[in-house]
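Only one chain is shown below, in structure tokens, and it's the form predicted alone.
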Amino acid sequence: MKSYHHGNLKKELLTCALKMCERDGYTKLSIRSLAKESNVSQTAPYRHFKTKEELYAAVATEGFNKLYKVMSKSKSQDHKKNLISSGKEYINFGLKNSNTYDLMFGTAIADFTKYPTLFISANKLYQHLRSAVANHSNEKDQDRIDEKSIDTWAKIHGLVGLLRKLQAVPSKVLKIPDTPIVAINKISKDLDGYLERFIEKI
């Protein structure tokens, strides 16, 4: 049985859960499977995660924290540049961490307020996007800032789904004219330009 330094079990379990989620999908993640993968007793994970939803919440929280970190790394004085960077990092995260992303933005955890750390981390991400939109647009009306923020979020969130579809289709589909896949492929080859053109309109 794997040994852990005192006090590190929860961190080790969470690291393992993140890997399992991304490798197998969150629907395959359970406390029992986590114990087996971590090579600990079946009861050990229950000291830190009482239910499967609680485990999901912990994984989703780490996902939101990682996404916030990459989205907020641009510190330019150019607000448009910051917003473009945030959008691109969001898309890249969604493409590279698709199973974690699905857990974060799906319905497996219906009520984030049950898990305060998750609620805070998810809202922190939205507040970052909202601030970036407000700074770029120079909008003063709070309702309009909210609306523009949701518009921006919907745009980049939807693009993640379309680009994931692009990754999955066979290459022969890219040769069929007048299809959405062809248009999505063109966008994928100039993502910075696409985001810049969109963000200029905000």
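Rigid core: the largest C-alpha set superposing within 1.5 Å between the two forms. Remember, it's a predicted structure, so these values are computed and weren't measured experimentally. Heads up: residue numbers just count along the shown sequence, starting at 1.
The form predicted together with a further copy of the same chain exists for this protein as well; it is not shown, and the discussion that follows is about that form.
Interface residue remark: residue 106 is counted as part of the site for a further copy of the same chain in the model of the complex, having a heavy atom within 4.5 Å. Contact annotation for residue 186: at least one heavy atom lies within 4.5 Å of a further copy of the same chain in the model of the complex. For residue 139, no non-hydrogen atom is located within 4.5 Å of a further copy of the same chain in the model of the complex, even though that partner is not displayed.
When a further copy of the same chain is considered in the model of the complex, residue 113 lines it closely, a heavy atom lying within 4.5 Å. Proximity to a further copy of the same chain in the model of the complex, taken as heavy atoms within 4.5 Å, picks out 144-152 from the listed stretches 144-152, 131-139, 28-36, 44-52. Within 4.5 angstroms of a further copy of the same chain in the model of the complex, the stretch 179-202 places a non-hydrogen atom from each of 179, 180, 183, 184, 186, 187, 194, 197, 201, 202, taken in sequence order. Residue 172: CA moves 2 Å or more between the shown form and the other one after rigid-core fitting. Relative to the superposed core, residue 19 undergoes a Cα shift smaller than 2 Å between the shown form and the other one.
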